[in-house]
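Next up: a single chain in structure tokens, the form predicted alone.
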Amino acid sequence: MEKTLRDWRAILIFVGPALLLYTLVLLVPIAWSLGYTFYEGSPIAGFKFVGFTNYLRLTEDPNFLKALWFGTKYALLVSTGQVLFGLLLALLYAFYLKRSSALVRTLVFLPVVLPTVAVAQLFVKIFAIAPQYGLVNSVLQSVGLEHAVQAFLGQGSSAFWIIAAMDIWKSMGFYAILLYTGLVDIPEDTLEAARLDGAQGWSLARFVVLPLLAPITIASLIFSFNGTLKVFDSILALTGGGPGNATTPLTLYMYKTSFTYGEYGYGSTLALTLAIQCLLVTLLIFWRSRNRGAE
């Protein structure tokens, strides 16, 4: 093995194709997009070098700041919900349902494999007001709360909560399975020793289970934050970023800027901002987990 690792020809044959593919598929587009940030225009109208103008525009663009804030609060709420509900479900599977949890796990996991557009259309029908009332408005009307009947997806505040609820419901089954695999790997001897020492219920979960589950919980948070910061399809299918741009995250704003308005340079600058945001969140989670581990 050591002889093989010293042979550059063997390294080139085994690693070279994968490295070349990685470079062409990932690194070249990143470098290309980074170069676009110094230009304005489109492939049809042509490009013009503008230096750091696109970066200065970020500080003066209210739509960018609004999209950045929307994406940040959406990621904080949805990631917390996905991992928290996933953890509660995993504890339910491991300590209460045990072997009989297979059916529940399958049912909770089912939304994960459903197409996002289908799930979004389901929620559109549930909260519809026209051409006929959806489930929510029908229930409100039937219990005499006609004044509460409204276009839930036509208002930014209520649409935000509906999008968040949909994405938490859709993905919590994935995190439940991920955390459940960590729970079943905790040695039964460790749990039994903790029980003999008097740890039961919440104290067992807080002082034994959660610390042992910390690496998978951190990985879940990183997966979730990076996924929710880059949310695109669920919002596009549910509200299209509206009403107005009330539910437009950075990804959707970047897409519209680049492909609807043909501003490739500024769209690439928005994409770079999103990449930096994802990197900072990941580093922050790692930093916090290391600090807590050192305490």
Partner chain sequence: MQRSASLPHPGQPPRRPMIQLSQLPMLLLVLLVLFVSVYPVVWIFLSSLKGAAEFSTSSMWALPQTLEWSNYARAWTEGNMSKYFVNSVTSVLPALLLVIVLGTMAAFGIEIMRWKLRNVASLVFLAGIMVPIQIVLLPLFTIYFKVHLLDTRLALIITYTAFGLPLVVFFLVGYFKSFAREIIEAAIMDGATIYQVFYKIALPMVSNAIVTVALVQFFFMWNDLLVSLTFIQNPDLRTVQSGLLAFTGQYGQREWGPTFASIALAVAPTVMVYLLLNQMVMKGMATGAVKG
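Take the two forms, find the largest set of C-alpha atoms that superpose within 1.5 Å, and that set is the rigid core. Residue numbers count along the first chain shown, from 1. Keep in mind that this is a model prediction, so the values were computed, not measured.
The form predicted together with the partner chain is left out here; the points below concern that form.
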property: Candidate site Phe52, Ala148 and Leu284: all three near the partner chain in the model of the complex by heavy atom within 4.5 Å; result: no
property: Residue stretch of 91 to 99, 206 to 214, 76 to 84, 183 to 191 approaching the partner chain in the model of the complex, non-hydrogen atom distance within 4.5 Å; result: 91 to 99
property: Leu68, heavy atom within 4.5 angstroms of the partner chain in the model of the complex; result: no
property: 4.5 Å heavy atom contact, Phe223 and the partner chain in the model of the complex; result: yes
property: Contact of Phe160 with the partner chain in the model of the complex (heavy atom, 4.5 Å); result: no
property: Proximity of Ala130 to the partner chain in the model of the complex, heavy atoms at 4.5 Å; result: yes
property: The partner chain in the model of the complex - contacting residues of 99 to 135, heavy atom within 4.5 Å; result: Val104, Arg105, Thr106, Leu107, Val108, Phe109, Leu110, Pro111, Val112, Val113, Leu114, Pro115, Val117, Ala118, Gln121, Leu122, Lys125, Ile126, Ala128, Ala130, Pro131, Gln132, Tyr133, Gly134, Leu135
property: Large Cα shift (2 Å or above) at Leu12 between this form and the one not shown, core-fitted; result: yes
